[in-house]
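Just one chain follows, in the form predicted on its own, and it is written as structure tokens.
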């Protein structure tokens, strides 16, 4: 085991709140692993911060009508508070908009540029005529050429995980206005991944301990051959490229973001009054650098980032990259940009954080995608936390309170069963250590629950409620053993259930857990225990029903929305009304003849109560020109006009400036 452990969790974009998918992907695993290492008294630090540069920020800011700075300031604080409330512990939680990080990113770029690992070239890039700007990759959406997903971005397809360039997309469209972009020439700077491939491949092939999903993903890229990757973008928000000839360009967010790990470590060192302490981690080859990420970040953390570090030459390379798959909801991926999620802040208003930490920990998507389900959450809380773990601890401390005046009974001579139970503690600790060290965190929490189950069986078999009367010494030994198990459970659960662990310590009147003492009794006889409290309250059906209904409402909202591709199918044109007349025996209907650029159309519309035929003639209106023909009250209608209604009043959509009929509305 190397002496120093530098743990990072992927920097969350400051474009939205934290959801359960984020937590299951990297933040809860990173916290569990870090807490465990600290309990083992190892030199470990946990570094993170918000990612505040790049296109996801500008897109969300434009959507909300805010400046990027206003957006990131708001979400940085919300994310920080959410992590804190959920029990996620960081030695430093920074942000990539700090002057320190801007300097580090520019210096990093300059270093590898001077070493000839960065080149520039003129390319054709998509330009939106309607928005009058070059479109960075995430401003473009289209169909993935590999898996046919209709929601692929210009940089990556979230469905299949493939890394894309905008020109790879089928039917690309501008994410902002929905228009069709055109290719225009511009200049960008590229990182020579192709040159780095031999060194990178040799390094990666030695990682026998890495998860299969990471190794398999990388091998696929090596087989196709790495190519130079653009690391600049046409944006006004971000870190300016430190070259005179790159005016108006900023560093690609996935170039500057991982450098944020270094910046955050530097910030930590400054904050603790030891400004050079960061070097003990980043400049020491004996440091274990561990990146907790989701699978959509594998390409950047397992290939691009290590290649950047190799090109720079000074810093330690990643030791492990335990990437998780996706936690889904109702068969679909959590998505911040599409607001399809269960938000952490909402769950914390309803449930104690350890309930959610447990439900996620036992369902971590470590080797395959998993799905969050509210019924399963209720079952995990009620049947496992409350009925097994909470039940054992409650029956133990309640028995001491009722039968021993809240003082732990003395243990005089352990029986074989008592020794077996205490031995099981030591075996559980060793098993959990093995699993957590291998990043099998889901197996780790299940091992903990196996201990709680065994403890309940031990309590039932020894029957202290009977031996208290007919074998008081045996009863005292049993309950003393049970309180030692309770103490061990508090230590072993701390990485997973830190809030519950603290509650148990308070009941036991103990200041802190000691992982290395698990299996060795440390609660002395006659020690007074504190106030007994229920550790886990069961989740009622009503609250689960409300959460399921909430998901259903969100899905309905999403289902009611149409995609850009669907909207593009609607053909809106300017039309001139040439004649109009009411339809007999139809109080609301008017038949109009319109001219759509030389083409005559008959349309039936429900506007008779708001417009007389005379008012309509000569108006330039907007019509849907490609609507399928229909019969309304037996009259042919070949199109539909657009109007707005409020309080039963209807107003036609017209043109505010003169334009020819037949003009396309876009």
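Worth saying up front: this structure is predicted, and the values here are computed from it rather than measured. Positions refer to the first chain, counted from 1.
Another form exists, predicted in complex with the RNA; not displayed. Remarks below refer to it.
Considering only heavy atoms, tell me if residue 390 and the RNA come within 4.5 Å of each other in the model of the complex. Yes, residue 390 is a contact residue.
Going by a heavy atom distance of 4.5 Å, is residue 223 a contact of the RNA in the model of the complex? Heavy-atom contact with the RNA at 4.5 Å: present for residue 223.
Verify the contact flag for residue 386: yes if a non-hydrogen atom of it lies within 4.5 Å of a non-hydrogen atom of the RNA in the model of the complex, no if not. Answer yes; at least one heavy atom of residue 386 falls within 4.5 Å of the RNA in the model of the complex.
Taking the RNA as it sits in the model of the complex, is residue 343 in contact with it (heavy atom to heavy atom, 4.5 Å or less)? Residue 343: no contact with the RNA in the model of the complex.
For the interface check, one of 344-352, 528-536, 582-590, 102-110 should have non-hydrogen atoms within 4.5 Å of the RNA in the model of the complex; which one? After filtering at 4.5 Å, what remains is 528-536.
Just to confirm, with a 4.5 Å cut-off on non-hydrogen atoms, which of 595, 73, 165, 320 contacts the RNA in the model of the complex? The residue in contact is 165.
So which of 206, 81, 368, 517 gets a non-hydrogen atom within 4.5 Å of the RNA in the model of the complex? Looking at 206, 81, 368, 517 one by one, just 368 meets the 4.5 Å heavy-atom criterion.
Go through 426-462 residue by residue and record those having a heavy atom within 4.5 Å of the RNA in the model of the complex; state none if no residue qualifies. Going through 426-462 in order - heavy atoms within 4.5 Å of the RNA in the model of the complex - the hits are 442, 443, 446, 453, 456, 457, 459, 460.
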